[in-house]
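Take a look at this one chain, the form predicted on its own, written out in structure tokens.
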């Protein structure tokens, strides 16, 4: 058991570590670059008619995710709420009336400690969350490609000094990006294919048609391909791996209930969303792009904590 002195020593150590981190010139330049990334992705989406809505921090309804995380619960007002792991359900609700939306959304995902080794994971991060009503997967892939290209081009033109600092030369990526199905990627590269695919790619590449076993219940199955989702992940080249995740959303009540049961979850867990579906919702499609990961790729840095002023590293209490 830790003593009071040991806890105090840990706090002092963390403060000193934070000061040292913030004094690193590489970190300073990456933070400046991240500010431009945030500005440019929002400028782009506003130019396409997307409306910004504020983020949700706690809610009785949040993303179940498809991998284990610590899941802190807040009991208040006679009920339970959770810290938002993503705004997936809130996006699907809001877009029914607002049509095209985005959020600069803080996410809390208390990942397992082993994720600290990847250089790609933080347990507190931001993503630009995008959703549109009556849009197909292919239309939203097109939008995401434009967003990525626009942001990179603008940084290259307006702030080449930041890329020069990191000795980073980014090509002029062209659309459409290549596509590969999950099944073909697994066949070509093996079960843990993402890094191999990323290392081989010369440009961002779409991973499509993802099996239900790899995803949450809320994304839409092909009508004629049971168990295969109309999902899309964008993979960065050069070994940087996942850039974005998204897909078409399930909107029919019978399908939502069926999918919850397929994932061995309960209707009680998602009663808020089920009630919405009973009132009737339309198809929407969306994606999220991690801002820190995007900055890491643009700057070409090895570890994601070097683009954040106060990085939250899995397995560690951080300032």
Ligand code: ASP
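Fair warning: this is a prediction, and the values are worked out from it, not measured in the lab. Numbering follows the first chain given and starts at 1.
The form predicted together with the ligand exists for this protein as well; it is not shown, and the discussion that follows is about that form.
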Exercise. Given that the ligand is left out here, which of 151, 127, 84, 92 has a heavy atom within 4.5 Å of it in the predicted complex?
Worked result: 127
Exercise. Even though the ligand is not shown here, does residue 245 get within 4.5 Å of it in the predicted complex, heavy atoms only?
Worked result: yes
Exercise. Does the ligand get within 4.5 angstroms of any non-hydrogen atom of residue 294 in the predicted complex?
Worked result: no
Exercise. Does the ligand come within 4.5 Å of any heavy atom of residue 88 in the predicted complex?
Worked result: yes
Problem set entry | Output flag, 63, 249 and 286 jointly within 4.5 Å of the ligand in the predicted complex, heavy atom basis | yes
For this session: Pick the stretch from 127-135, 156-164, 205-213, 174-182 whose residues have a heavy atom within 4.5 Å of the ligand in the predicted complex.
Result: 127-135
Problem set entry | Contacts with the ligand in the predicted complex - residues in 175-207 whose heavy atoms fall within 4.5 Å | none
